[in-house]
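As structure tokens, one chain now follows by itself in the form predicted alone.
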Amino acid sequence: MSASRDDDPRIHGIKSKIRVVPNFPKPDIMFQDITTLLLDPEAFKDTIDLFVERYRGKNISVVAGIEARGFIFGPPIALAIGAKFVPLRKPKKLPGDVIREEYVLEYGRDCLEMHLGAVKPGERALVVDDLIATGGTLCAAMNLLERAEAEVVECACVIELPDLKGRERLKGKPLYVLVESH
């Protein structure tokens, strides 16, 4: 589901604040830069508010944010809905015992880690990131949470690149996005 289809006037403001940087970080990539969104307090607040409005009252106890930009959007959502925030980090960034999930990218392999015991069996989780492209990172995040026996309720991203078909890789799990970029 995409909020942009809901005709909420805040969506246009959010979309207008996302800068597209051609050929970054490599040729033929149209980088979706959310740092310009963060520079506008109203647009940033609207972004958080739209997610909070969707998830308040849904009995979500865990908001899992994917490093790094999921750390920007996840904590304020978690605080507003009364959930804990669980960081899903790149390898060797978390002290102590972790569980890990490796995944394949179009240009290699990567891994996400989560503290062992951060999520309890039966907890209802929301996965947050800034963008979904091919869906590999979101799938790894869902796998990590499901291995900890959490129920992944939905994934939430500010931006979707629908041409890369990442939504199709999510095993039918709902995905909520604010902005689509073609």
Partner chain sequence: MFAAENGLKGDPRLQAISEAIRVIPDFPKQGIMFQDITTLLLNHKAFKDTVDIFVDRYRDMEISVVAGIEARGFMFGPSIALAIGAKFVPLRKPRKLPGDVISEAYVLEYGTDCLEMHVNAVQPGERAVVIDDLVATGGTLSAAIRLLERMGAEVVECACVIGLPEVKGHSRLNGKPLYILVEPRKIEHCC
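Note that the structure is a prediction, hence the values are computed from the model and not measured. Residue numbers count along the first chain shown, from 1.
Just so it is clear, the following notes concern the form predicted in complex with its partner chain, a form of the same protein that is not shown.
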Discussion item. Each of R19, I72 and A118 within 4.5 Å of its partner chain in the predicted complex, by any heavy atom, yes or no?
Written reply: yes
Worksheet item: Does any heavy atom of L112 come within 4.5 Å of a heavy atom of its partner chain in the predicted complex?
Response: no
Discussion item. Is E67 part of the interface with its partner chain in the predicted complex - any heavy atom within 4.5 Å?
Written reply: yes
Worksheet item: Is there a heavy atom of N59 lying 4.5 Å or less from a heavy atom of its partner chain in the predicted complex?
Response: no
Item to complete: Report whether the minimum heavy atom distance between L39 and its partner chain in the predicted complex is within 4.5 Å.
Response: yes
Worksheet item: So which residues in 73-97, when you check its partner chain in the predicted complex, have a heavy atom no farther than 4.5 Å from it?
Response: P75, P76, A78, L79, G82, A83, K84, F85, V86, P87, R89, K92, K93, L94, P95, G96
